[in-house]
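For reference, the chain that follows is the form predicted on its own, supplied as structure tokens.
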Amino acid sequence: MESSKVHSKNNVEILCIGTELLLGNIINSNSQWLAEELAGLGLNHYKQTVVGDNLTRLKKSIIESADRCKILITTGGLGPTPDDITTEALAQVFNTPLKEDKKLLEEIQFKLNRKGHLTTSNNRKQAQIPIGAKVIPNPNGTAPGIIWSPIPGFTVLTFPGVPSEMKRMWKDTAAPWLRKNGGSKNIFHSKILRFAGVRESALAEQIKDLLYQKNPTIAPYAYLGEVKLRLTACAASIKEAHELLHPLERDLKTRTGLLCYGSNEDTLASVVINLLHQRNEFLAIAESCTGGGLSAAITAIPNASKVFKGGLITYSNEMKNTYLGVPNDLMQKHGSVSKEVVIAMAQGAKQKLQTDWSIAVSGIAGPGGGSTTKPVGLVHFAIAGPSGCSSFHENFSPYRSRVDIQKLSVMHALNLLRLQMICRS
């Protein structure tokens, strides 16, 4: 190995490979996803590195990681092009020949032939793996990964940079391997609680006495429009882990009340759809500044069609008048971004589509179009239900991007509907 001496270590590192990451051409979402997965497995994760498609610099990064960590997770550099050099770099660092895996080559050829593509020499390169390495199958692509322990006390797991391929390979092969070989005899079991309508700092203040406990642990994560708490318990079995997590989860939900909207894979849209299913009620949407984003969030949920009748994107005043019946004089007097107009939009959608509930959104997403009285980021909402219509407004700040304001508007609208439905129960 082209390295200094190997010493005792017990942590995990992530190495993301690709010049496009350094140039900012793509967002490095893989490192965030992997970090959460490692936390869920209870593995110590202290360092992330990004390196371009340069053989010398990549080899140097591998050598440094091998000296520091027990397990190295890499993403990127496994494709068929000349700048995909991850496997080559690993083989050179650890002075190990590459050997063509015939079974792997046949699988790559089959996938390419199925799509009508020929197998090139570059594709054959993807079937070459270091002697002694185990293949991580890639069901969704032609770039396999490897699990390889080239020296005592160090293992590298490689993945392609394509997120969908990497995630499938991780769940199918890597996560089970890490649970068995990650260095802990205990089981680490996690549960995520999801919160809306609260800032991370405000949520942390409510639970500050719980944040520093050792087992189970609480890790807060702030995202656009929501906060997540990852609860992780370390125990000898899943049953014991559940027993540790249950009282903590109950305590957190008692303290935070309706701020906690769901857990694990729940979304605000899925929670709203489930509420509608439970009540056998129907929803309509009227949106302006979100441009169909609210309807898209709803229709992304399986079986939404059983409770969602449809959405109307009434971007102009003419469309608001024609399809929702919003009076022109109302818009002239108050403006299309106003309490009065958004209420009329919600009532119009509910009446036109004959539903139990409707949501309406109208705002100024920017970057232009704002004024002193109606700044960029101002969004009005209305929820029409069986007992009447309520209106709300938020200022999502002119310092956020247009896309951020639209996304926040979608999440806020769904959360308002959730709260209105629960309060009516």
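Residue numbers here begin at 1 and follow the sequence given. These figures come from a predicted structure and were not determined experimentally. Only the largest set of C-alpha atoms that superpose within 1.5 Å between the two forms is called the rigid core.
Only in words, not in the display: the form predicted in complex with another copy of the chain, which the text now covers.
Out of Lys103, Arg199, Lys333, Lys180, which one falls within 4.5 Å of another copy of the chain in the model of the complex, going by heavy atoms? Exactly one residue meets the criterion: Arg199.
Pick from Thr299, Asn274, Gln109, Asn215: which residue has any heavy atom within 4.5 angstroms of another copy of the chain in the model of the complex? If I apply the 4.5 Å criterion carefully, the residue I get is Thr299.
Can you check 86 to 94, 202 to 210, 233 to 241, 248 to 256 and let me know which stretch has heavy atoms within 4.5 Å of another copy of the chain in the model of the complex? Result for this chain: 202 to 210.
Find out whether any non-hydrogen atom of Asp329 is located within 4.5 angstroms of another copy of the chain in the model of the complex, and reply yes or no. No - in the model of the complex, heavy atoms of Asp329 and another copy of the chain never come within 4.5 Å of each other.
Lys9: heavy atom within 4.5 Å of another copy of the chain in the model of the complex? No - in the model of the complex, heavy atoms of Lys9 and another copy of the chain never come within 4.5 Å of each other.
Under a 4.5 Å heavy atom criterion, is Thr173 part of the interface with another copy of the chain in the model of the complex? Contact with another copy of the chain, no.
Contact label in the model of the complex: Lys309 to another copy of the chain, heavy atom within 4.5 Å: Lys309 belongs to the contact set for another copy of the chain.
Taking another copy of the chain as it sits in the model of the complex, which residues of 352 to 384 have a non-hydrogen atom within 4.5 Å of it? Please list them. Contacting residues: Lys352, Leu353, Gln354, Pro367.
After core superposition, I'd like to know whether Ile383 moves between this form and the one not shown (criterion: C-alpha shift of 2 angstroms or more). It does not, since the Ile383 C-alpha is displaced less than 2 Å between this form and the one not shown after the core fit.
Per-residue C-alpha change between this form and the one not shown, Asp83, threshold 2 Å, rigid core fit: Asp83 C-alpha, core-superposed: shift of 2 Å or more.
Once the core is aligned, please say if the CA of Lys167 is shifted by at least 2 angstroms between this form and the one not shown. Lys167 C-alpha, core-superposed: shift of 2 Å or more.
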